[in-house]
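Just one chain is shown here, as structure tokens, and it is the form predicted alone.
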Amino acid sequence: MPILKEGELNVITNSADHTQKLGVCLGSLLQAGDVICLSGDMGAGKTMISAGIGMGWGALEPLTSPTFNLVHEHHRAKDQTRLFHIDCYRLRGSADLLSIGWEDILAQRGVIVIEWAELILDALPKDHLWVELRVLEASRRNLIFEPHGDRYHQLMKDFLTTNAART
């Protein structure tokens, strides 16, 4: 996994399963208050990596696309932390976030996974992990992980260490 810029990680996956497994690894490292922003074209794998994040985090139910409900709230048996899976595709911008309870979601200090995060840039917390997903071929994806803030730089170091141990 080559690093392009300081702290940035560039990964090529060769299948949907591989993308999901990266999500599982990432999800296993997440803590209350973490914000993961996913960006990319339709079909790039945002929901696939989200599903993996949910598995790794320990969600009691699978993460599926929240496009029509906009927000899915997930629980786990381990503790009371919640995971909020948000899909911003149908939002017209950050102003629409009020209609989904954005301020309440932030106040709960759960894990937040946001698909189509580029549509709400001005509302995102300063510190977050940005993941850009790009389609290379039918089953190949390029994932670029860009940490913003000390917590997310450490998260990327832990992610690299954990992935290296699994291979």
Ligand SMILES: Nc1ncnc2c1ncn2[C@@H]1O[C@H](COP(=O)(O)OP(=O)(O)OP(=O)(O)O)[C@@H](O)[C@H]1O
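Just so you know, these numbers come straight off a predicted model, no measurement behind them. The numbering used is simple: start at 1 and walk along the sequence shown.
Not pictured, yet referred to below: the form predicted together with this ligand.
Contact annotation: I144 falls outside 4.5 Å of this ligand in the predicted bound form, judged by heavy atom distances. Although the partner is absent here, Q154 sits far enough away that none of its heavy atoms falls within 4.5 Å of this ligand in the predicted bound form. Contact check for G43: a heavy atom falls within 4.5 Å of this ligand in the predicted bound form. Remark: L60 does not count among the residues lining this ligand in the predicted bound form, judged by a heavy atom distance of 4.5 Å or less. Between the options Q108, S28, S139, N69, the residue in contact with this ligand in the predicted bound form by a heavy atom within 4.5 angstroms is S139. The partner is not drawn, yet in the predicted bound form one stretch among 29-37, 131-139, 97-105, 118-126 has residues with heavy atoms inside 4.5 Å of this ligand: 131-139.
Annotation for 78-105: the only interface residue with this ligand in the predicted bound form is D87 [heavy atom within 4.5 Å].
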